[in-house]
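First, one chain by itself in structure tokens, the form predicted alone.
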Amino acid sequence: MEPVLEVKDLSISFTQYQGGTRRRELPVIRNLSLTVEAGQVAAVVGSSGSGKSLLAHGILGILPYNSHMEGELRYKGQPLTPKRSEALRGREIVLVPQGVTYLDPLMKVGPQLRGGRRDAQAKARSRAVLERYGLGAETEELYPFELSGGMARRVLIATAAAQSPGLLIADEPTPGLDARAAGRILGHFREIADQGAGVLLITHDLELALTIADKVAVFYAGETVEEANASDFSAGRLRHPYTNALWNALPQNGFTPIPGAQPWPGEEGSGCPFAPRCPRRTEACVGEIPVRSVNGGRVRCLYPEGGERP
């Protein structure tokens, strides 16, 4: 069976002008690859500025006008062209955004759920999906400003689930929520995946992602540095030094920081962008770093844990 989503060698850059006339291309995502299978939650984890949200916007075809995208996107085995992305957006490919401001403040919840339809079937479906996420029928008559933060996020999920999507993209869906509320929200995404959809969860919170994810793609400075099964984290089978650093930075694993900071777009230099912070770096790390298969996962590193040196 074809993956729901295939991203291969995706690069996104932005055209910027300096001094009014001097133009430059600012690379933000470089040679990024990942797949999402039906019934799977694939988490994309990385710090701010690593390119996670741009990946979502590229899939949805809503990048800014000054952007340039290269690489290959496929949805259910067919190329995801800009025209096809527009046709599927909001129907088969849906977004649960980071901000609840995506809800129309001038429209009640019910009409937003039904997409303007007023027939009895649409009304029954909207009430059923609200009930599924713990919201009563009276929620249909509320405006977004009358919803609590948690209710608004559940309405966003309900709006997405009402379309029976093939691919759901959740872009940082739990900011500002406590651990219990965030866990409930993520549990809804697990349910959607269990019903057959592919779920792409974009988050900076590795600990939360591991509660529902089947696999994790780790981003650093616009690149996928590792793609691992979620079980690899607790089993100690991580390959890339940055992934290990993320895991060791969790409170239950010692809260061990690493020196340095992620480079800003355009500051990466050649070779591995993590090299300045890496204890295993050598002179070879300034060259091309291929993606390798190691112990059931994929890693972009010359000296991964559990792998032989090239």
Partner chain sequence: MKHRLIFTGKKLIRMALLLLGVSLAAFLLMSASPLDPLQTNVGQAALGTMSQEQIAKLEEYWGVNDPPLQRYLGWLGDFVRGDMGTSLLYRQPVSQVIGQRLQNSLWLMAFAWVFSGLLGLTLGILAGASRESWGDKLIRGWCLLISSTPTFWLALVLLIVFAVWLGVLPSGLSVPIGVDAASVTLGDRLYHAILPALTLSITGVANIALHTREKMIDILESDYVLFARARGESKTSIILRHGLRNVALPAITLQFASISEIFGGSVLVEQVFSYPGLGQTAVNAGLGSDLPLLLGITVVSAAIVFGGNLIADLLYGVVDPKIRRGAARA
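Numbering follows the first chain given and starts at 1. None of these values were measured; they are calculated from a predicted model.
Not pictured, yet referred to below: the form predicted in complex with its partner chain.
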Review point. Each of 229, 273 and 301 near its partner chain in the model of the complex, meaning some heavy atom within 4.5 Å?
Key: no
Check your understanding: Of these, 129, 95, 193, 80, which has a heavy atom no more than 4.5 Å from its partner chain in the model of the complex?
Key -> 95
Revision key, fill the gap. None of 150, 111, 175, 166 but one has a heavy atom within 4.5 Å of its partner chain in the model of the complex; the exception is 111
Study note, to complete from the structure: Only one of 255-263, 241-249, 280-288, 59-67 sits within 4.5 Å of its partner chain in the model of the complex by heavy atom distance, namely 59-67
Review point. So, in the model of the complex, is residue 115 in contact with its partner chain at a 4.5 angstroms heavy atom limit?
Key: yes
Check your understanding: So in the model of the complex, does residue 101 come within 4.5 Å of its partner chain, heavy atom to heavy atom?
Key -> yes
Check your understanding: Even though its partner chain is not shown here, does residue 107 get within 4.5 Å of it in the model of the complex, heavy atoms only?
Key -> yes
Review point. With the partner left out of view, is residue 143 within 4.5 angstroms of its partner chain in the model of the complex by any non-hydrogen atom?
Key: yes
